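The chain below stands alone and is given in structure tokens; this is the form predicted on its own.
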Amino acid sequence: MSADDFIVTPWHVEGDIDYDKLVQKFGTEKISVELQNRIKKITGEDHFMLRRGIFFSHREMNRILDDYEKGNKFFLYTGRGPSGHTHIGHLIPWAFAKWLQKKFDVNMYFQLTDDEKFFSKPNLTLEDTEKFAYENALDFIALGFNPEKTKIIINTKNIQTLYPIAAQVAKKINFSNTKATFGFTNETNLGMIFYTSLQSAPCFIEDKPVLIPLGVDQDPHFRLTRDIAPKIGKPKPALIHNIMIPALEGPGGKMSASDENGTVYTTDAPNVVKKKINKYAFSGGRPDIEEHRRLGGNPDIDVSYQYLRIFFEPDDNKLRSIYEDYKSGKLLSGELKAILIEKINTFLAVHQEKREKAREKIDQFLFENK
């Protein structure tokens, strides 16, 4: 695969992603300085994920803000395909969604697509994906969503609510569009072909517009949803996309729940986090200390620095200092990894405690079929 080639689909991400090219390929819109400033003005806060381009692209975010300023609320929706334990990359759109919920005081729906992972992963049973759905739900709740305004939808448990909406969607999507969007073949199972209709259903669960914070790899599902929304008399979903967090062995591609060596899970113990980062995290440093002191490292390709930039160091001044010290050679690769290890383990110590407490209140969050 050449440097210009990369693959981004809902099921597979590979290569060094050029996000400017991806915006053109997907037909989305880059988040402009004007849009950043508008969000800052309305919310009263300049979120570091917007400042740093972690959320970099959108579809019709301005329409959502136009409606909001006229007094018309929207609701939020995001989700997770439960194929394994939650990793730190999954937290990015969820944490941003929590911020949006707090700032705009809106309802939030979180869809766990246990059926889709059963369809797409030959080695997983429905019992497996159901178990992972509940485990993933604990991580979502641990971030601090408002239980009075947040509901978790599990597809196989809430199908009687989802199916009537999905049926309306399915009737308007033809196979040729689905095939063209996802590259399905004659060997693709029917569950996968129908699945976009189910993922679309929460977009229309309330009679108001929806905003979906999500990883950009999931955009193709909602391109189809946006195409059919007017045909069923509904507003098009608006989207705001985040970049992919690279695997530890990066750069390029994204962290995957099925690659244990390349992934930091929210359930990892401190010694496991330390071992994974020290052993596997891709370094932008030089081959030896003397050369590194003389020439400096490259933070732009260093995975430890990228994790700090994307999620674990919200303070711009501290991040800038780390960047400059690493680039000048003052900070060594091992020292940069040590900074990240401490940041992740400090975060996970709190998160894991909240995650355990979430077991006692999960019922408050589960959506009840009407």
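For clarity, every value in this text was computed on a predicted model and none was experimentally measured. One-based numbering along the sequence shown.
What comes next is about the form predicted together with a small molecule, which does not appear here.
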Listed residue that, although the small molecule is not shown, lies within 4.5 Å of it in the predicted bound form (heavy atoms), from 89, 79, 285, 237:
79
Taking the small molecule in the predicted bound form as the reference, which of 107, 181, 218, 161 has a non-hydrogen atom within 4.5 Å?
218
Can you tell me whether residue 214 touches the small molecule? I mean in the predicted bound form, with a 4.5 angstroms heavy atom cut-off.
yes
Residue 113 versus the small molecule, in the predicted bound form: is there a non-hydrogen atom within 4.5 Å?
yes
Any chance residue 241 has a heavy atom within 4.5 Å of the small molecule in the predicted bound form?
no
Just to confirm, residue 195 within 4.5 Å of the small molecule in the predicted bound form by heavy atoms?
yes
Has each of 117, 199 and 222 got a heavy atom lying within 4.5 angstroms of the small molecule in the predicted bound form?
yes
Given that the partner is absent here, state which listed stretch (140-148, 96-104, 275-283, 70-78) has heavy atoms within 4.5 Å of the small molecule in the predicted bound form.
70-78
